[in-house]
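Below you'll find only one chain, the form predicted alone, shown as structure tokens.
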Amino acid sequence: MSAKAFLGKTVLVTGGGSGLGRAMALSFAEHGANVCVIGRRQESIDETVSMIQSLGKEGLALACDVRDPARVAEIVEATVKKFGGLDVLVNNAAGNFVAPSETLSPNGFKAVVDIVLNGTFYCSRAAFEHLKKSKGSIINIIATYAWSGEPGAVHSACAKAGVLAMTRTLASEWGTFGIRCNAIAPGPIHTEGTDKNLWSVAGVMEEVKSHIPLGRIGEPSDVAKAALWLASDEASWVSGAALPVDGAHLLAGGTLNFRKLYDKTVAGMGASQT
């Protein structure tokens, strides 16, 4: 893809302070885009924007909790005011933790659904008029367990499945306005969070890799490349799609292979019901 594929375009990435969000923000900037990154921790999103600026590109860091629709609307308007429009929205903000369903509190369930499902809708709805003008694109980051379920993450699995349904619904409804809406479903990925909280549990990473046909854990760059393509003109006839980026992990049974591994992970990490 050309290094100027997104020249003059504006991209807004939620959860852009680390991990997949940061990788996607940097990739869009490397290909010419102006990028607004939002997240709850100003220091983290400032770091991302500093990296964007080191590439000689324009960046904007705005603190926002996507569970607050009024603040989300302010963020979208501030982005458009600075850059003149909005072409791509990447709904990446998420929350998750391992907890057996029988111990998960209603509060813990609600917290994750509010961020992942409600936040995705709030951002998409706030961006609608601007994406309509630009005939832009929405990319929702889900997970392969939106299809399969995930032992120890009923809250996240339900939320991601909801976002999958939202992706297809908005593609159908908003396609008439020229807006494309697609999803990316990463499989097991190396990020700061997973490296610290999941892959650090003895034996877990090797067990997971043994069930991935391509034989490795994914990198944030794998997801970033998929996002670039889906948002580009090369994918102008693609809408309503959900693209697994998982080394064929889902086809090999995905997370449903992992009941014993789940038990081990819960024992190693300690069950939480935030």
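The shown structure was predicted, so the numbers you read here are calculated from the model rather than taken from an experiment. Numbering starts at 1 and follows the sequence shown.
In what follows, reference is made to the form predicted in complex with a small molecule, a form of this protein that is not presented.
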Look up in the predicted bound form whether Thr194 has a non-hydrogen atom within 4.5 angstroms of the small molecule, and give yes or no.
-> yes
Classify Ala127 as contacting or not contacting the small molecule in the predicted bound form by the rule of any non-hydrogen atom within 4.5 angstroms, answering yes or no.
-> no
So, in the predicted bound form, is Leu230 in contact with the small molecule at a 4.5 angstroms heavy atom limit?
-> no
Classify Leu26 as contacting or not contacting the small molecule in the predicted bound form by the rule of any non-hydrogen atom within 4.5 angstroms, answering yes or no.
-> no
Can you say which of 208-216, 59-67, 27-35, 231-239 gets within 4.5 Å of the small molecule in the predicted bound form, counting heavy atoms only?
-> 59-67
Looking at Ile179, Ile115, Ala153, Ala146, which is the one with a non-hydrogen atom within 4.5 Å of the small molecule in the predicted bound form?
-> Ile115
Quick one: from Leu131, Ile139, Leu170, Ala94, grab the residue that has a heavy atom within 4.5 Å of the small molecule in the predicted bound form.
-> Ala94
